[in-house]
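Just the one chain here, the form predicted on its own, laid out as C-alpha cells.
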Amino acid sequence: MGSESLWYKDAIIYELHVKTFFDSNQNGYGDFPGLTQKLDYLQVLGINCIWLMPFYKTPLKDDGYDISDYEEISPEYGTMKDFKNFVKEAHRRDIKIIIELVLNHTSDQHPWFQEARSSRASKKRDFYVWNDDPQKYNQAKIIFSDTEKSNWTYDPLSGQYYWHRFFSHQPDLNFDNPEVQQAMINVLTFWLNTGVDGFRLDAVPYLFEQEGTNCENLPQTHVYLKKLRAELDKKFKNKIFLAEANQWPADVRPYLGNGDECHMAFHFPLMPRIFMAIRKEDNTPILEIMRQTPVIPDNCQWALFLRNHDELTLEMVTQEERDYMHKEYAQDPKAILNLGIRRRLAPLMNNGRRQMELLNSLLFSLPGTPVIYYGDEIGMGDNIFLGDRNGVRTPMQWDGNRNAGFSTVEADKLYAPLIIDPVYGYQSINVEAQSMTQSSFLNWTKRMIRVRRNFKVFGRGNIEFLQHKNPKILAYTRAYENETLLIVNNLSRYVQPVQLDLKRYNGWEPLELWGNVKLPPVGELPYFLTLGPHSFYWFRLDKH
C-alpha cells in the first residue's frame, strides 16, 4: 500500500454542513459557491479533508438525513455544477472530500416509498420492510425513544406497517432485496464519478432485520459491506469508507473486516470517557476503554472526535456513568436529548481555554485521525433552545458585522438564528477577531494542526501507556519508523508532578514540539516532570 492510498491516516478532517458555512446568494442558507469561497480559510487552518453532512434533496425533517432523491442536490445549496466546482477547487488545495451515504433509510417522500405504498402489488413494494404484525423484531431497541413509541408505523394507504429504526418519516430500506443492494451501489458510483474521495456510511449497523435478534450488527451486513467495498476498489483508487457504528469497540471491529470492509470507523466510546477523565481528574476512563479497543488491520484507522453535529452521545456508557455525565455537563435539563447532551465543546468546558486545549491534545495525539467540528476551532457556543440537535448547527461566525458575516439577509430569513449571548455571541467570538489576535484559540488550533502534520507517527504509530503513580496524569509514547514521541497530559486543574520510567530511552533527548525546546537527557533514574493545570507536553525523543 503506497502512502497515497493511506492518505486517511494522515488526514485532519473538518466536519461541516453546507448550510451553516457561508451564504453566497443571500437566501439565508449556506451554499456550495459560498463554501468554495471559504476554502482558503480551511487551507490556512491546515485541515486536509472535509466531511460534508447531507446536501441531497430532502424535506428537511431530519436535517437532510431524510433523503428524497440520492442523485440531486437540495436547491438551497446550489446546483450539481456548483458541487463539482467545489470538489475541483478543494482538490486544487489538496483537500479531500468525504460525503454521507445514508444507506439505511430514505425519506417517506422518496419516489421509491411513494410507489411502494401505492399498492401492495407495486414493483417497489419490496424496497421497504412491511408487515401486518407490529410486534415483529420486538427485540430491536427504539433509538429515538423520546419521540418514537415503536419501530413500526401504520400506513393507512396500503394497510400495513412499515419498519423504521429512526423517525417514522424515515422508512428503512429492505437490504434483503438484491435490487436495493444494487440501487445503493449505483448511488455510490454516481457520486464517485463527481470526484469525491470517500463516504461516511450512516447508521450502518441497522441495515438488516432478523427475528430473534436486536437487528444490529447482523452477519448479512458484513457480507453486503464487503460487496460494496469490492465495487469501490474495482472502479476507483484511493477512495474510502468511514463507518458510523455507535457500538462498543469490539462490536465496531468487524466493520473493518480483514481490511476489506470500511477503512475507518469512529471510536464512539472513547469520546465520553475523555470528558469523564477531565472532570474526574483521573486517567482510568481513558485507559480502560483503550484497553478494550481491539487491534485493527494495518490499512484501517480509528476516527476520533470530541464533538460533532449530534448530541454528545452516552449510549456507550453504563447508567452510573451516564448519570455522572448528566450531573457534570448538563446542569440545564434542556441540554439533555435522547441519552446524550446537546452541547458544543466550549460550553461543555464552561469556556475554559486550558481545558479545551487539553482535550484537543488528547484528540490529536491518541491513535487515529482527528475530526474537528466546524466552529470549534474558534470556541463557538450553542443554543439549546433550538429543537432537536439544531443548537449545535448554527451559522459559522466569520466577523462581528451583520449576521456574523454569514449572510446579508434579514435575520429572520436565516435558516437558524445566530448566537448572540454575551459570552459566545458573534461580536466576541468570530474568525476575523481571532485571526488578528496572536494568542487566540484559532491561532492556537492552527499551530496544533501544523505540529501534528509534521509527524507521521500521530496517524500511523503504535501507543504505549506509561505506568506511574499519579492517576491525574495520562502519559504515553507513540512510535512509528524513526519517530518516537512522548505525550504527557495533566487531567487536573492543579499543578501535578509525575515520575516516568523512561530508562529504555537512556541518553535520548526530549525536544518539546511547540517551542522546539530541549530538555535534559533521559537517564537511568525516573524522569521527573511538573505540569501546570490542564497542561500537556508533546516531546520528540531524539537518540543522542
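Worth saying up front: this structure is predicted, and the values here are computed from it rather than measured. Sequential numbering from 1, following the sequence displayed.
If you look for the form predicted in complex with ligand NOJ, you will not find it shown, but the lines that follow are about it.
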Practice item. Determine whether any heavy atom of residue 376 comes within 4.5 Å of a heavy atom of ligand NOJ in the predicted bound form, and answer yes or no. Key: no
**Study point:** Close approach of residue 279 to ligand NOJ in the predicted bound form, 4.5 Å, heavy atom
**Key:** no
Practice item. Answer yes if any heavy atom of residue 144 is within 4.5 Å of a heavy atom of ligand NOJ in the predicted bound form; otherwise answer no. Key: yes
Exercise for review: Although ligand NOJ is absent from this view, report whether residue 360 comes within 4.5 Å of it in the predicted bound form, heavy atoms only.
Suggested key: no
Practice item. Give a yes or no on whether each residue among 127, 172 and 221 has a heavy atom within 4.5 Å of ligand NOJ in the predicted bound form. Key: no
Exercise for review: Determine which one of 229-237, 346-354, 385-393, 439-447 lies within 4.5 Å of ligand NOJ in the predicted bound form, judging by heavy atom distances; exactly one does.
Suggested key: 385-393
Exercise for review: Name the residue from 505, 32, 476, 65 that puts a heavy atom within 4.5 Å of ligand NOJ in the predicted bound form.
Suggested key: 65
Study note, to complete from the structure: Answer key, ligand NOJ contact in the predicted bound form at 4.5 Å (heavy atoms) among 84, 460, 453, 309: the residue is 309
Review point. Using a 4.5 Å cut-off on heavy atoms, what residues in 226-264 are near ligand NOJ in the predicted bound form?
Key: 244
